[in-house]
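Only one chain is included here, represented as structure tokens and corresponding to the form predicted on its own.
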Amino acid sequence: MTLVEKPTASRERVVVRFAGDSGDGMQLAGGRFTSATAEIGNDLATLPDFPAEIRAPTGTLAGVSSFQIHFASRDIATPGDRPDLLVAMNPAALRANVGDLQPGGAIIVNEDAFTKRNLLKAGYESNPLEDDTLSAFQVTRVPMTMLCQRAAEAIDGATSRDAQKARNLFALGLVCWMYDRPIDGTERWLNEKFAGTPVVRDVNLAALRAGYNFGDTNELVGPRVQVAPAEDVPPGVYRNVNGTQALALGLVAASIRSGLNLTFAAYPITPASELLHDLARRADLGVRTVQAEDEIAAAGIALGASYGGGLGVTATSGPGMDLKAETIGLAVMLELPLVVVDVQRAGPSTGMPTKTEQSDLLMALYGRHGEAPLPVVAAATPGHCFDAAFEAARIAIRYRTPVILLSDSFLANSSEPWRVPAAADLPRIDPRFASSPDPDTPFLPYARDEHGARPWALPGTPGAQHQIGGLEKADGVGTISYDPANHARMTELRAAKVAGVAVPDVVVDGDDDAELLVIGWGSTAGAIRAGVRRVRERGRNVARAHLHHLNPLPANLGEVLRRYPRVLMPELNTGQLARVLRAEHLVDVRTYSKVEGRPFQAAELEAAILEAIDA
């Protein structure tokens, strides 16, 4: 029962951003708010953003961590462009994020953190809560630190440090009240997580409830906002997943449907490390994980697992791909299955390791010595990471080839509701191991089936002894060969096998007589969909398509590109795939690039599409 009767308001969609120091627990608060939102049944998309440093200087702009969530009563495609509400835990968080806020948007600040020292570290000459700096926004000042300390006073053994660390739970409770989100799920989570440390558990529970009750009782907080469950979501069983979790599930599903034990080997690197953490918890499903001493060893372990008859998988980010290139080339020569996951990040070398980019595409297509083509698959959304992982494994097993699966930092860390497929609906993947040949028939380790794939003979198979290694093999018999004509023949066969990988035609959403085709790949899918939807609402006729297979490309792609008078390709690089399409199909594909370490916003793509139409 509320002590203060407050009005309520209904909204179709809302964008909320939690922001604070990298030690303030903003990712945890955002994650728990996401879980509560998914429980209600809203469609949602999230955008975690955090510094690369393990612990950047406290209270500085470099140390700001944020978590944005866009939730709605209808289908949505992006984490939102501008927040409607900003929760700022300190001056640095306010300064780093206030420029992104909607005009007239709401701000909740922890006013206890606005000390002279913190203001100076954030670059403020005066307190923005005391001058007219924030006059364009609705500002609610909440003494979160003090209220958390009061909430902890009744708990035996609680310290002021315990109360300080619970401020994110206070902010979470307050925002849950504001948007009518349940907190009982977070209460259960806290009870389970801190079951062995009851003082910490009780302090966090007290802070969560104090924040919720503050919204319920304090007249400073505005009307409660209600966002109804989404009605246009297809029926089914859903769970909230990020791209990393979906990748892990897709690889496990491929392992089960192929009957192959999954061996995952990786060296820790941001942002791919979480895939190793996730798969390490799947030992009950036969998954074997190895944290290798370096990237080269990780690739070698995965390839060795495939040689032994398993599903070998390795994962990394940009710099690690450089180091794995030689082993990937060995897998091309051996013609064995191998899945290589590249969770792309921004920049060469160390670059910006926690920011997103699509700049590894040309390396995935061409970044090996010799003529070493291989299939490349790209995930489009966090949920689609499941399908992309399953597809990459299927191709690798069916065609006896390494496959590169491109994800990126945005997909890996952001989340969305994902409809769980029925296990029985997933296709069977037949590894078709070579059986013992007839004693009178010589085994030909490089003979090929209808897909161009050579036999996969497990070590120890009677009569299937053959040579392996990186040296060129003689066609069919597989012995080492330096014959020029044979090398040309084997090069052609390996290329033809990859070119012959069966991929579905590209599907166009829109009319054949549209003014413009917007085509993308990878994580730009949501922003492109949202941008095209906005342009269509303006009455313009725009078509949209998205590529999931980047090598080989869909057979009908050239015809699709030539169908439209203008083609625009947004990419989070300097136009890598656009250059490939221009070269392959001799079509003028216009590039719209962004290399800021951030995903596209719907508004900027709307403007780019309108400009391209009228060019």
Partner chain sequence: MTTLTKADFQSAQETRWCPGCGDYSILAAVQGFMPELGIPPERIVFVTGIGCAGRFSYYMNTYGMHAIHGRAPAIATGLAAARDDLSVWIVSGDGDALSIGAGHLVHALRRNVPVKILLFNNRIYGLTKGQASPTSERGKVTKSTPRGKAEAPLDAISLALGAGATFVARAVDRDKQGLPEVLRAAAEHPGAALVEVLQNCPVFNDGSYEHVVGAEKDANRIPLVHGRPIVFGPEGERCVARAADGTLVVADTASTDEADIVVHDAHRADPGLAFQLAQIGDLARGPVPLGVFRSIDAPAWGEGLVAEARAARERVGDAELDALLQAGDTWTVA
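This one's a predicted model, so the numbers in the text were calculated from it and none came from an experiment. Numbering follows the first chain given and starts at 1.
There is another form of this protein, the form predicted in complex with its partner chain, and it is not shown here; the text below is about that form.
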{"property": "Every residue of Phe67, Gln149 and Leu208 near its partner chain in the predicted complex, heavy atom within 4.5 Å", "result": "no"}
{"property": "The single option of Gln465, Ser160, Gln138, Asn191 touching its partner chain in the predicted complex, heavy atom within 4.5 Å", "result": "Gln465"}
{"property": "Ile256, Ala447, Val199, Ala499 - the one with a heavy atom within 4.5 Å of its partner chain in the predicted complex", "result": "Ile256"}
{"property": "4.5 Å heavy atom contact, Arg239 and its partner chain in the predicted complex", "result": "yes"}
{"property": "4.5 angstroms heavy atom contact with its partner chain in the predicted complex for Val560", "result": "no"}
{"property": "Contact test in the predicted complex: Leu471 vs its partner chain, heavy atoms, 4.5 Å", "result": "yes"}
{"property": "4.5 angstroms heavy atom contact with its partner chain in the predicted complex for Ala453", "result": "no"}
{"property": "Stretch in contact in the predicted complex with its partner chain, which is absent here, among 277-285, 511-519, 357-365, 89-97 (heavy atoms within 4.5 Å)", "result": "277-285"}
{"property": "Within 406-423, the residues that have a heavy atom no more than 4.5 Å from its partner chain in the predicted complex", "result": "Pro417, Trp418, Val420, Pro421, Ala422, Ala423"}
